[in-house]
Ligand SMILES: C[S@@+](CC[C@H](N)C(=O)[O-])C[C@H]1O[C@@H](n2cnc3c(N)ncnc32)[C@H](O)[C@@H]1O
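One chain comes next, on its own, written out as structure tokens in the form predicted alone.
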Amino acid sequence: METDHRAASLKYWEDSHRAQSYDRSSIRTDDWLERFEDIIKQTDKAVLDLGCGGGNDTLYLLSKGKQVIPCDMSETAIANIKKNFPEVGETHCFNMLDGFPFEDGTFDLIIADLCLHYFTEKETADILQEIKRILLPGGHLIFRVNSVNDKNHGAGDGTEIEHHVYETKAGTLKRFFDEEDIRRIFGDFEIEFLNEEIMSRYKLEKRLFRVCVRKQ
């Protein structure tokens, strides 16, 4: 029987967020957004935090005085955001595969930290079309995604169902990018920054790509 990746993913993330005790004082940020401080500073609109999870980037953006709209497909994640960040006025719980609940040209800055690497190439393309739709011309998408060198976090593990896309034991999908993948999949955007690097926020170091693209 074919695996329902969507249901498996929702279960995985709901279980993950329920298992963790999110308290604002325990939320940690890293410095990945500092490279784009000028872009963040210039926006006078709300910043969309896609796949907000525990709120690491929401916390960072709030510390910079920005209005933030955190979004996640996990109801538990959104409940934790509302608890920990009462100053956040708007949140959304939705699956990116269903489209985005925003009007065309709503944002000039979208953050997507480690949430765009759980989809097939077609699904990723559809999500990026939605991101383009809600971005203003000249608007930026700043994101991080798994690298094919991220051996500590599953690169090459599981059943490869598509180039660089693996089905995990939990029935979820996980994509690992190389530079060619990023340039091809995000080819409709102007790539302003692209770098493979190491993140040390987790117990084991994580290899990923940090990227900033601009809607032309």
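Numbers follow the displayed sequence, beginning with 1. Since we're looking at a predicted model, the values are computed, not measured.
What comes next is about the form predicted in complex with the named molecule, which is not displayed.
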Touches the named molecule in the predicted complex: residue 70 (any heavy atom, 4.5 Å): no
Within a 4.5 Å heavy atom cut-off, is residue 11 in contact with the named molecule in the predicted complex? no
Is the gap between residue 95 and the named molecule in the predicted complex 4.5 Å or less for some heavy atom pair? yes
Residue 115: touches the named molecule in the predicted complex, heavy atom cutoff 4.5 angstroms: yes
Contact segment among 83 to 91, 117 to 125, 132 to 140, 102 to 110, judged by heavy atoms lying within 4.5 Å of the named molecule in the predicted complex: 117 to 125
